[in-house]
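Taking the form predicted alone, here's one chain by itself in structure tokens.
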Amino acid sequence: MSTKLFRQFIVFCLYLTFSITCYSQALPHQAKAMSQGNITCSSSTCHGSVTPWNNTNVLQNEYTTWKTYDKHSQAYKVLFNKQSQQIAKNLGLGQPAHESALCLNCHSHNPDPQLRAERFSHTDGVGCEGCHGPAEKWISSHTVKGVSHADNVANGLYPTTNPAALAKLCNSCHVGDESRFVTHRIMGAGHPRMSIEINTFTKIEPPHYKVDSDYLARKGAEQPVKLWAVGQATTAKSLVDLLADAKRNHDGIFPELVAFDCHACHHPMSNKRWTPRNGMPPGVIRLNDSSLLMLSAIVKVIDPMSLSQYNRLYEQLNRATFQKSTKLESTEDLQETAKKFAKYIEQLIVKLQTSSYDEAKIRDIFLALVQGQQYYDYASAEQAYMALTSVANIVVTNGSSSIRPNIKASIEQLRKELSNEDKFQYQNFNKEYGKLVQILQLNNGVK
């Protein structure tokens, strides 16, 4: 092996080790360190400046941006509105939403009581430490000259710049995990439907940082498509982890219905809209497999050697859900299938995390998303739309400027088709989606 290849191999190994370490790091609400509260970050000389500073490594107005524009800052206040009060009442929580751990777990940073410092407050909402981790061990050192980002992560700073770690964090609330989980009962009590696409949601927060030379030196370049791909895999794993978990995959005699497509059941009886899909017969509940559909396109490009394995596990998972729901047998087969799928996706996340996403691969992912694909349910159409805004925008950057207004208009029409999920018509969405596909393909010389 040449010296150059050896160095590249060493760099790859170090990055892989760092990625795995980041992914396995405890989530902020589970970390064994004291949470100090937003007040430790929000002074005007720290991150609470009204305007960005000049000649500094960071903007210094991160807290102000979060407080002014980021909906996470309002997450706790939401618990006082009438809808939240009614949800708590419907669930019989016995205490108001703003005092219930069930609600606080995601609507605020909610560490164990013994790990809350004197100035910690739930009123901060999903504040600084809710995403960046308890500050006890890194608050003093993170401003010291010469301290690296890796040093801060070692001291407990949560690695939000690592795609797998960020996806794990966001999914823990927006999809759910074994520590906090929005069940079908919670949604039945009035909670909104949950969904996420990490790259899109990150962009609309909005970001409270700037990718400049200092950022690149400390944390490396942002890769939106990698974040999108890793996010889809993480969301898919959240689904199969739920199905594999005997404590969460059932609610009485029913399966945990939050894992299934909401609109497969919640639509007017006069709307006869069943279509063949995944070999499933009519009249059975269908998984919310929107992330799995996106992941299929990703696997085709990033890990084509495992595509047959992916398709086989995908088919087995779907078959296990409707076979067990019709035969009323043990869920053991479903759980075992889900465990195998979860293991596959876990290994896939490592590959997605360490893969490069050059222009050719991004274009191939885009083509896998659009060629010969139809989206029949709202959740899948929603993810397809966000995928287009995440992937296609990059594909068309170097394309012809003359048709960009057409692209923008078509994407805006797709957004309108998704504006009311109760009135969603997949025929209209797919018709407009087909128009956009043609525009994008011509823009990129694809026929």
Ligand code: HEC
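Bear in mind that the values here come from a model prediction, so they are computed numbers and not experimental data. Each residue number is its position in the shown sequence, starting from 1.
Quick note: we don't show the form predicted in complex with this ligand, though the next part is all about it.
Checklist entry - Using a 4.5 Å cut on heavy atoms, which of K71, K361, K343, R119 is close to this ligand in the model of the complex? => result Filtering the options by heavy-atom distance leaves K71.
Next on the checklist: Counting any non-hydrogen atom inside 4.5 Å, which residue from L79, V370, V225, A320 sits next to this ligand in the model of the complex?
Outcome noted: Of L79, V370, V225, A320, the residue with a heavy atom within 4.5 Å of this ligand in the model of the complex is L79.
Checklist entry - Taking G231, Y357 and Q413 as the candidate spot, are all three within 4.5 angstroms of this ligand in the model of the complex by heavy atoms? => result Heavy-atom distance to this ligand in the model of the complex: none of the three under 4.5 Å.
Item to check | Contact of C265 with this ligand in the model of the complex (heavy atom, 4.5 Å) | outcome: Looking in the model of the complex, residue contacts with this ligand include C265, since a heavy atom lies within 4.5 Å.
Next on the checklist: At 4.5 Å between heavy atoms, is K351 in contact with this ligand in the model of the complex?
Outcome noted: K351: no contact with this ligand in the model of the complex.
Next on the checklist: Would you classify W274 as touching this ligand in the model of the complex, given a 4.5 Å non-hydrogen atom cut-off?
Outcome noted: Taking the distances in the model of the complex, the answer for W274 is no, it never comes within 4.5 Å of this ligand.
Checklist entry - Counting only non-hydrogen atoms and a 4.5 angstroms cut-off, does K237 reach this ligand in the model of the complex? => result K237 lies outside the contact set for this ligand.
Item to check | in the model of the complex, segment of 111-119, 239-247, 306-314, 71-79 with a heavy atom within 4.5 Å of this ligand | outcome: Flagged stretch: 71-79.
Checklist entry - Heavy atom within 4.5 Å of this ligand in the model of the complex: which residues of 78-92 qualify? => result Contacting residues: V78, L79, N81, Q83, S84, I87, L91.
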